[in-house]
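To begin, one chain is listed below as structure tokens, in the form predicted on its own.
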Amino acid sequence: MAECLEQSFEPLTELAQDIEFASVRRWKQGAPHRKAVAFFPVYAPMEIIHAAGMLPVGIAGAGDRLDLQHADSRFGSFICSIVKTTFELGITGKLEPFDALLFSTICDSARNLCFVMKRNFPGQHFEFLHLPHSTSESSIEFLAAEYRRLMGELQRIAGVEITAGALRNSIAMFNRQRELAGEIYTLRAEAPHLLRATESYALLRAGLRMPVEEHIAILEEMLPKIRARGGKKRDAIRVVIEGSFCEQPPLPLIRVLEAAGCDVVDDDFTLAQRWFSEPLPLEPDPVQTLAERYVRCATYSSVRHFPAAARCRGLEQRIRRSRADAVIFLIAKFCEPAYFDYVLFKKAVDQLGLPSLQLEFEEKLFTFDRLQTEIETFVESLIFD
């Protein structure tokens, strides 16, 4: 059973890293009217895309699977690799399965990427979702208007009307997905020896490449098997990872962390599937509900405009909830939002009396010797302190 469970993660890992988007192509071939919308991390209103009968697909660059041949001529040197590899996906034709690409307020580089791609690929549809910069009542109305504008564009592309009933059904589906994702993270915090971070990462990120209904079925099937899994608890350091909300670290780097003696009991990978910690109500107005919950109840993130003190409290809550021994700030190279918040977060972690380590990565890392040495030294300093 254990071996069978191990093998079940392999196709999910491959699916999560597939830059040809074969699963999206197969889904679209299932019916002539099907449309797919790709969205750039960290957040997208997947419920609205789903309610239009379209497939929401998360893209997070190309990792180490694509060499840069063209992107450097469009972007400066000090730009994170996820922006460049996403552009490279477009210029090499790998984003062809998508009928639209959705970007939102993440950082200046992500904002510029949207319009650089729009200029370079005039035959493809691009949308930019403006997210509010405050938590006021007017922000809720602003975001609801933005959602309705986006709905109008998606209705035109899909050729269908997004009804209130369809949107309520989609909210219910994604409520269930978020509930199961929450169970995955709770299980990891309670028993990290039963589910490694590399496995949960593949399990959740693969869900961004398939219909939400299929992902729910996979999670519901695998959770009982994971809970029944054998294995002994490791003598490891319980760590929270912070700073990887957009560009995702290479899987080998996560394996290095675990091999060095870290149990990753919480992280900010694939936030799109865990953006809301509580179920969204279905009544009365689902569009207003999405807007109100984004402004009032969404998770903290360095790319969500939220008071600095509240962001620090969010990290502190994750640390306490997961009973972490340390925090690792795993930050993408040239990621300004993460580095801006690092100072605030580091101060908050120091006040809690927890040790921390700051590491820098990029998608296209091939060797991990230096990072491995830093991680092993950090772990040993805690074990033998």
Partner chain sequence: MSVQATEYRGSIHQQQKELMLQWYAALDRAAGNAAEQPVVSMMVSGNCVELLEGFGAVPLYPEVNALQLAIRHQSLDPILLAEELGYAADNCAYVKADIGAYLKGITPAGGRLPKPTLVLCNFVGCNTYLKWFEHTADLTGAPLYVLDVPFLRSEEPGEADIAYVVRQLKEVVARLESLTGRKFDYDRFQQATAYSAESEGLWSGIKHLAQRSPSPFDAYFDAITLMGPLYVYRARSEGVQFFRDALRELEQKPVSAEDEKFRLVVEGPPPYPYFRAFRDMFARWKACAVASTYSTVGGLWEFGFRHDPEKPFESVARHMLAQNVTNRNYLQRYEQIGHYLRAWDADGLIIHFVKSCRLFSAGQGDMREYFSRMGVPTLYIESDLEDPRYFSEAQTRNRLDAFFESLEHMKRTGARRMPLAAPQPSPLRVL
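Everything numeric here is computed off the predicted structure, so don't read it as measured data. Numbering follows the first chain given and starts at 1.
There is another form of this protein, the form predicted in complex with the partner chain, and it is not shown here; the text below is about that form.
- A100 falls outside the set of residues with a heavy atom inside 4.5 Å of the partner chain in the predicted bound form.
- In the predicted bound form, no heavy atom of L257 sits within 4.5 Å of the partner chain.
- Remark: S244 does not count among the residues lining the partner chain in the predicted bound form, judged by a heavy atom distance of 4.5 Å or less.
- In the predicted bound form, the partner chain sits beyond 4.5 Å of every heavy atom of A31.
- Between 224-232, 188-196, 135-143, 155-163, the stretch whose residues reach within 4.5 angstroms of the partner chain in the predicted bound form through a non-hydrogen atom is 135-143.
- Highlighted residues K35, E47 and E214: none comes within 4.5 Å of the partner chain in the predicted bound form, counting any heavy atom.
- Put simply, of N120, Q288, T92, N175 only one has a heavy atom within 4.5 Å of the partner chain in the predicted bound form, and it is N120.
- Site annotation in the predicted bound form: the residue of H125, R148, H130, R313 reaching within 4.5 Å of the partner chain with a heavy atom is H130.
- Counting a residue when any of its non-hydrogen atoms is within 4.5 Å of the partner chain in the predicted bound form, the hits in 93-122 run T105, I106, C107, D108, S109, R111, N112, F115, V116, K118, R119, N120.
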